[in-house]
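There is one chain below, alone, in structure tokens, taken in the form predicted alone.
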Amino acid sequence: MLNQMTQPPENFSKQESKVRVWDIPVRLFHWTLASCFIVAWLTLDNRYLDIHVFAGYLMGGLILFRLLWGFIGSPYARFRNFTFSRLEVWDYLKGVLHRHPPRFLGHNPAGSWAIHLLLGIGLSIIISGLLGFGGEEQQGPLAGWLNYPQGELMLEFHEWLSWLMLVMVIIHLMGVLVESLLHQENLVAAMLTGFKPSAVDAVSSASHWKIGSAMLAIIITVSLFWFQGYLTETPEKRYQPFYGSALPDNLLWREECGACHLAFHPSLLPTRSWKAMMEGQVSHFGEDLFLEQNIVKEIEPFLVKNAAEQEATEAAWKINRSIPKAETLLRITETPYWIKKHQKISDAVWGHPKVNSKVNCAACHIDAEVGTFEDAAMHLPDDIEATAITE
């Protein structure tokens, strides 16, 4: 095997010769992938969905590159040079238990299996994330492949895989620590510099700095492209990362309902709620709307046709399924889904001059007027401090 060395660990601390094991592309892949996983984990709140998605896209690109590099890359990066059988892994682990495992310049048998598993789990996370993003959010390259319930199920699987990967990362880190102690060498430093001490003549990898530089340039370029909206936004016009499909509109509805408050899109309540509201318009939350019959005849069909049952948006789907079929709610703020999403918002926030009411959705939701209520389109006013809203 190319990377196997069997000298006792104590001999290596006395060697001055070093060999480049990890080329620049491998090291850049390793640390960038680790960073992406951390960022993705810290941005589970849907307000940061664009950051989470970008970390996922970058992870996917990195994994695809690593799979390709595993066939055409440097000697220690090629899969054929760190493919071990179960017996070889078991023998290595027995050596670890007896504190005398053989030393490998590249991946040891246990580490090689961990790398293969991490790549496989990582790729599964990306695929499930794309399917979930396309289903529940109706966004991304796979938008529309799954419906909302299927997308939610896929995102649950995505989350389960993420926890599995976290466990694998912890096991990987423990393995790095154990091997570093047993062989008296700093494996973290080796992944930073690329070099490891060698007691025998060994193949040295080329640095491949040109490929590494190209990788870094691509990462920086796509990062700037993805987040450029944050560089140009203003307090008056906040950046909205994702846009939903254009919802049906009606000028008369918008004029009549928008005269007193935000014209809440029909998709935010079920059909029975809108019918009850129109039937009781003479006592609309204590006021008479004085709508003429011809106006009612135009507005009511629009409300019914585009009600929450049509599941035009993620918010519509979640609101509709949260309301018991036997209940007819007239306030969006009384729906179980709305209550769950806003339960951590304090009274001080609701009473803030820039909010002032639970029906002032536009104070925090950039797309409130169009009715899509996309994740990551929520932005608290700058001078308001509130607990994050999470799923």
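On a predicted model such as this, the values are computed, not experimentally measured, just so you know. Numbers for residues come from their place in the sequence shown, where the first is 1.
Below: the form predicted together with heme C (HEC), not depicted.
Checked against heme C (HEC) in the model of the complex, the candidates E287, E279, E292, D201 yield a single residue with a heavy atom inside 4.5 Å, and that residue is E287. Just one of S322, T328, N360, T32 comes within 4.5 Å of heme C (HEC) in the model of the complex, counting any heavy atom, and that one is N360. Taken together, the three residues I332, K341 and W350 all lie with some non-hydrogen atom within 4.5 angstroms of heme C (HEC) in the model of the complex. Heme C (HEC) is not shown here, but in the model of the complex it comes within 4.5 Å of a heavy atom of V355.
Shown alone here, A217 lies farther than 4.5 Å from heme C (HEC) in the model of the complex, counting heavy atoms only.
Interface residue remark: Y337 is counted as part of the site for heme C (HEC) in the model of the complex, having a heavy atom within 4.5 Å.
Using a 4.5 angstroms limit between non-hydrogen atoms, V19 is distant from heme C (HEC) in the model of the complex. Shown alone, this chain has one stretch from 51 to 59, 23 to 31, 64 to 72, 362 to 370 that lies within 4.5 Å of heme C (HEC) in the model of the complex by heavy atoms: 362 to 370. Contacts of stretch 241 to 279 with heme C (HEC) in the model of the complex, defined by any heavy atom lying within 4.5 Å, are made by E256, C257, A259, C260, H261, F264, L268, L269, W274, M277, M278, listed in sequence order.
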